[in-house]
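Only one chain comes next, encoded as structure tokens, the form predicted alone.
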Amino acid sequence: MNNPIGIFDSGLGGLTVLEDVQALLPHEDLIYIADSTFAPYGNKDSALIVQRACVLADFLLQTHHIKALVVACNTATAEAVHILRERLQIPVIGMEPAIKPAVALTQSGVVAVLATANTLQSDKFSKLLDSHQHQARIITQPCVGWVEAIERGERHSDCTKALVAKYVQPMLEEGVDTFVLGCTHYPLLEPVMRDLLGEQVHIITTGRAVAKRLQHQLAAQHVLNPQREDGKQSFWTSGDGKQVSRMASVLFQREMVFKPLPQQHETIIIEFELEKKQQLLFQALLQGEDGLAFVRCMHGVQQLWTTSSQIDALKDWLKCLPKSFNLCILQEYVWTGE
């Protein structure tokens, strides 16, 4: 079966997973999305991450007819992979911090897991941590600023080296001898980490394990690509295509050209006013609309989030609200980042 495999991340970090998939499955066509407008996912609302994951999955399915989806982001996996698996009829492969091999590898009995705050606070990660907590002392650390430094192309700057040392050095003093990189961006900082850690400390990534799991599921469904020639790759982004292309090409030392996602896959925000006593009921109504939109409050202003492909259906639905809802739309605009 020569349908492509879809891969997405909030930015360029998931390309580390794409490289592992390509190495193991060189004959497969791969389509990658960097959701750069929303990067990093690690500090975003859970509902927003779920919505973006569904939007990107729909694009890959409807436009490219993918046969499998790789969620190459630990945060998106923690927040959205269960929903994607419920919605999609294809294999969905997520990321999971490699705590099990780390616990087996450590000699000091102290393991560190570096990840985003959202990943570390998720129920999925908590269950994983609990299952191994008795086997070693496991220290968790959100590494604020790492993803942003990578996305700016500042991996080897003095500022980034200091930022890496800020989180890594105290863990060495705690006796950590095995580091788990629980974010797909973090392998891009492995050379900087190695300068601090030396060769005796273990650094574990998960991209190859994900590639093997993908290979196993494709083989089980008899959909591996039978062609012998090298697979093709295409790249998409919700951000500035030229800027993302330039940064990806620098990071991975090969030319990558990112095309902009079609407008219908952008996120639309409608600001509105609603009485406080009606806000929870309104959000409950929206949650029953199969992910049509979600509501959050920013700076005291209620915002309803959806996509341009759903906006007409949403507006028709809003018209059907009981007249007791005094909903006043203030403005509508396309997300441009915060």
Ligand code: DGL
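Numbering starts at 1 and runs along the sequence shown. Because the structure is predicted, anything quoted here is derived from the model rather than measured.
A second form of this protein, the form predicted together with this ligand, is not displayed here; the remarks below concern that form.
A residue is said to contact a partner when one of its heavy atoms sits within 4.5 Å of a partner heavy atom; residue 74 meets this definition for this ligand in the predicted complex.
Residue contact check for residue 238: none of its heavy atoms lie within 4.5 Å of this ligand in the predicted complex. Contact annotation: residue 80 falls outside 4.5 Å of this ligand in the predicted complex, judged by heavy atom distances. In the predicted complex, no heavy atom of residue 112 sits within 4.5 Å of this ligand. Stretch 184-192 is the answer when you ask which of 184-192, 227-235, 211-219, 127-135 has residues with heavy atoms within 4.5 Å of this ligand in the predicted complex.
Taking a 4.5 Å heavy atom cutoff to this ligand in the predicted complex, the contacting residues in 1-22 are 9, 10.
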